[in-house]
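Just the one chain here, laid out as structure tokens, in the form predicted alone.
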């Protein structure tokens, strides 16, 4: 028996049943990939994955990122560097302190973003696996940037074509109040260019590509560019474009960073344990290169 695919909407988010991601037959993997390119967010309930199995499934979509943002000497990592630690746990496994550097940094995850757009080769797909979930709150919201692009006026579509924004992790973290980057962290993560509109090669759909990491727009006054980015994020995250995932233990959710925004919602992170780990797969190239747009000097 093959996998079952139950769409949440006709072309955004689907739940996949009868799938064991630790040992997925080739035919089922092909069906998962086809569903992923169509729905952009896939939910796999009831998975029992070792870290190695999680990474093996992620690598079916491309190379897994291993470079982490925060300096491990100043903020030790709890997990292997192939994983982003999406938890509220300190390296000793206990709930973090209220003044934890990790806690202050991760507050930015509650802003609408797409993973690793602040890297020259941004994220293609992210795969987040839940081990322990908070009993109240701690959901994840996803927004369909393809549908948001389709809903723009023709005049706005023409205005956006070929525009390039500057993305930086410091931009989003400033918005959430975190400015405590070390000199080495700042040097390792310089701002990068990304187009505002991109095409998804597997289905030909155009999509907005904005995020809280985006700051100025090249060739545009800074105030005007920031206002345009803010307006596009507000447009793309209207209720009709958003799905809210209420986590269950052992869910694996994967999403297409090229055409979705996401954010975490609040929970009592000094009381409840929320233990999740994310593998992120790198895209094939910078978005400017993929769209044939010259990278601004």
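Just so it is clear, the structure is predicted and the values come from calculations on it, not from any experiment. Numbering follows the first chain given and starts at 1.
Beyond what is shown, the protein has a form predicted together with ligand OGA; the following relates to that form.
- The candidate site formed by 143, 149 and 238 is entirely out of contact with ligand OGA in the model of the complex, as no residue has a non-hydrogen atom within 4.5 angstroms of it.
- Checking 103, 139, 174, 121 against ligand OGA in the model of the complex, a heavy atom within 4.5 Å turns up for just one residue: 139.
- At the 4.5 Å threshold, heavy atoms of residue 109 reach ligand OGA in the model of the complex.
- The shortest heavy atom separation between residue 54 and ligand OGA in the model of the complex exceeds 4.5 Å.
- In the model of the complex, residue 258 stays away from ligand OGA, with no heavy atom inside 4.5 Å.
- Taking the partner from elsewhere, residue 113 is found to have a heavy atom lying within 4.5 Å of ligand OGA in the model of the complex.
- Heavy atoms within 4.5 Å of ligand OGA in the model of the complex are found in exactly one of 20 to 28, 271 to 279, 284 to 292, 5 to 13, that being 271 to 279.
- Annotation for 245 to 272: interface residues with ligand OGA in the model of the complex are 255, 262, 263, 264 [heavy atom within 4.5 Å].
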